[in-house]
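Single chain ahead, by itself, as structure tokens, in the form predicted on its own.
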Amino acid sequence: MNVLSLSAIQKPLIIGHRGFRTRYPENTLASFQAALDAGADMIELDIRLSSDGHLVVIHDAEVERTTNGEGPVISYTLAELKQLDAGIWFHPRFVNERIPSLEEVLDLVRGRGLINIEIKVEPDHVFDANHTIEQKTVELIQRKRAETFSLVSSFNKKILENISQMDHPPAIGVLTEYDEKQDVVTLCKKLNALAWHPQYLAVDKNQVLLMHEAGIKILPYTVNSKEEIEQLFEMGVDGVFTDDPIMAIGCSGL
């Protein structure tokens, strides 16, 4: 079974962080569509579980910041989440924009680009016997035959470990914090990861060389200035997560 490979890509990837976040309400179909229309190679999104076990696209554990609702995402069913307005907070022209399901976004992206699915759980997350959110994510990717354009990432290393041990896992991206102290080359090799996703200020030329020597791509997040993107491209990174794909596409080397 084929999984995502970046080996044939000759230029740095432009990855729309939560879509086109500077101009559209984040993590919505409008935002993802705009990022793809702008020329982004990949879109990035965050997923959580609804109370009835559906994979929904939202960053925060609570719905207040990006919808007109209140309370934890996990307290809503998918149908209830679909009743919330996920666009009006950003601008009135996005009234009635909805929280999408992961399945909807996979359908949108297919044939148009790549997708980075970040699995969100809280620090006190309790794993059950079925590793629910990561199991559901992999099962959906397989059911939708989306392995060739999907990359699954998380800050939670247990989630990534669980995915790496599944039958026919999708490509994995290892997210790390700015001040995270560990041997990321060893960690990525252990997880058979495709890519390392560091906070961009933590990246230097030596790290890029070490990762590349190990056969691991490096995709820093979240870079929103032309100067910083150009510096990272000069270091040899394989792509950047950005809130403004048009700005990033305009940088040198593309």
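Throughout, we count residues from 1 along the sequence that is shown. It should be emphasised that the depicted structure is a prediction, and the values quoted were computed from it without experimental measurement.
What follows is about the form predicted in complex with SN-glycerol-3-phosphate, which we do not show.
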Quiz item: Though SN-glycerol-3-phosphate is not shown, can you say which of 222, 51, 225, 192 has a heavy atom within 4.5 Å of it in the predicted bound form?
Solution: 222
Quiz item: Though only this chain appears here, would residue 46 touch SN-glycerol-3-phosphate in the predicted bound form if you measure heavy atom gaps against 4.5 Å?
Solution: yes
Practice problem: Using the partner position in the predicted bound form, report whether residue 155 sits within 4.5 Å of SN-glycerol-3-phosphate, counting heavy atoms only. | Solution: yes
Quiz item: Would residue 241 show up as a contact with SN-glycerol-3-phosphate in the predicted bound form if we use heavy atoms at 4.5 Å?
Solution: yes
Quiz prompt | Contact of residue 205 with SN-glycerol-3-phosphate in the predicted bound form (heavy atom, 4.5 Å) | solution = no
Quiz item: in the predicted bound form, which of 139-147, 98-106, 81-89, 114-122 comes within 4.5 Å of SN-glycerol-3-phosphate (heavy atoms)?
Solution: 114-122
Practice problem: Using the arrangement in the predicted bound form, list in sequence order the residues of 10-40 with any heavy atom within 4.5 angstroms of SN-glycerol-3-phosphate. | Solution: 17, 18
